[in-house]
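One chain comes next, on its own, written as structure tokens: the form predicted on its own.
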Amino acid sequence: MLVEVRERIDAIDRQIQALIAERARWAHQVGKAKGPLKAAVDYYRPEREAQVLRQVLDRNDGPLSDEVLLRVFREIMSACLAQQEPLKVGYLGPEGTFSQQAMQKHFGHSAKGLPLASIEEVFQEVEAGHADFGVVPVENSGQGTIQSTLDMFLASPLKICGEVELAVHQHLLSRSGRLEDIERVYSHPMSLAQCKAWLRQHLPKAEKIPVASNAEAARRARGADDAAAIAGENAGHVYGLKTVAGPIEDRPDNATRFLVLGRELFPGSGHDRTSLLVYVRDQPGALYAVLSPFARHGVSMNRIESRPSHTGRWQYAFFIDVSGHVEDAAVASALAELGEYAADVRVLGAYPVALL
């Protein structure tokens, strides 16, 4: 019986491999149809990819979970696209950060990741064309918005063309693997905040040292037995550290949302979000007047955030996320009315909503 089962599995594996090869050949034909001089970024269609992955979810009757099937199909699509040329994707590095995990979740492991030193540098590399896309964190479910990311949009011409939601599990990592050895803990300030209660209970006397990224924390922690880092498990693998404890985040539902940066807007996928940057006139009821067109046209607002506009003292800009694509009739009608009340409106992006 067991021999027959294994033979059947082997036969299915051969079928799967043959179908993947056939898909890759057809994907190559798409590339040939677009011309020999096209770059990798010209083959990538995020709206088409989102539609394919939604169909995967719709067809799934088990036994594998939606998350597992999405990961499998994402990697197949990533490998097929890389036949032409791998996409170059900048992310907040160094290697081992949650930003790298988000990049790989969205683009697959066949994309070429470019670890960069800061969020500003990710924007700059995409703007200059050295990276096809970029991935940057924008908000955490417990700690709120990453203001440095929002501030970059005030002057950047880049567009948001995707989003990634990543469950974030923090681990305490060290060279020795012993809690009693630890006298100082390195981590990104947001990660330190996410683990504040755990640190207060288990390492109340240890020095907490903020650094630029969790991967940088892991890099520093590998140099001494009395040091530790708070980071993802992947950082421990990259930098050769042992897990002391984890997950140690105070909220079990801890998650971070990342934005995918590109240089153009893409068509709608059917399940989209539009991000806007709105400058309001300084007058009574200005914000109410700006928001009311969305209500009149039945457009749901997902998020609103104010930031200093850098155009004058006490002047503010509003970052607004709404449901739908900028080309959808309801969103387009609301934006047309919005122009009557706002000093300026910029569409930062229109992109598929994150699947999982």
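So that the term is clear: the rigid core is the largest set of C-alpha atoms that superpose within 1.5 Å between two forms. None of these values were measured; they are calculated from a predicted model. Residue numbers here begin at 1 and follow the sequence given.
The same protein has a further form, the form predicted together with another copy of the chain, not shown here; the description that follows concerns it.
Undergrad: Can you pick out, from S292, Q55, S306, S300, the residue that has a heavy atom within 4.5 Å of another copy of the chain in the model of the complex?
TA: In short, Q55.
Undergrad: Honest question, do A24, Q29 and E121 all end up within 4.5 Å of another copy of the chain in the model of the complex by heavy atom distance?
TA: Judged in the model of the complex, A24, Q29 and E121 all sit within 4.5 Å of another copy of the chain.
Undergrad: Counting only heavy atoms and a 4.5 Å cutoff, which of 125-133, 192-200, 170-178, 145-153 contacts another copy of the chain in the model of the complex?
TA: Careful reading of the contacts points to 125-133.
Undergrad: Do T243 and another copy of the chain come within 4.5 Å of each other in the model of the complex, heavy atoms counted?
TA: Although another copy of the chain is absent here, T243 would stay clear of it in the model of the complex, with no heavy atoms inside 4.5 Å.
Undergrad: Using a 4.5 angstroms cut-off on non-hydrogen atoms, would L114 count as touching another copy of the chain in the model of the complex?
TA: L114 belongs to the contact set for another copy of the chain.
Undergrad: Does another copy of the chain come within 4.5 Å of any heavy atom of R71 in the model of the complex?
TA: Judged by the heavy-atom cut-off of 4.5 Å, R71 is in contact with another copy of the chain in the model of the complex.
Undergrad: Closest heavy atom of R296 to another copy of the chain in the model of the complex, within 4.5 Å or not?
TA: Flag for R296 set to no.
Undergrad: Does anything in 8-25 come within 4.5 Å of another copy of the chain in the model of the complex by heavy atoms, and if so which residues, in order?
TA: R8, I9, D10, I12, D13, R14, Q15, I16, Q17, L19, I20, A21, E22, R23, A24, R25, in sequence order.
Undergrad: Honestly, after the rigid core fit, is K159 moving at least 2 Å at Cα between this form and the one not shown?
TA: Shift of 2 Å or more: no.
Undergrad: Please determine whether the C-alpha atom of H169 is displaced by 2 Å or more between this form and the one not shown following superposition on the rigid core.
TA: For H169, whose C-alpha is compared between this form and the one not shown after core superposition, the shift is 2 Å or more.
Undergrad: Given a change of 3 Å or more, say if the Cα atoms of H171 and L64 sit closer or farther in the model of the complex than in this form.
TA: Pair moves closer in the model of the complex.
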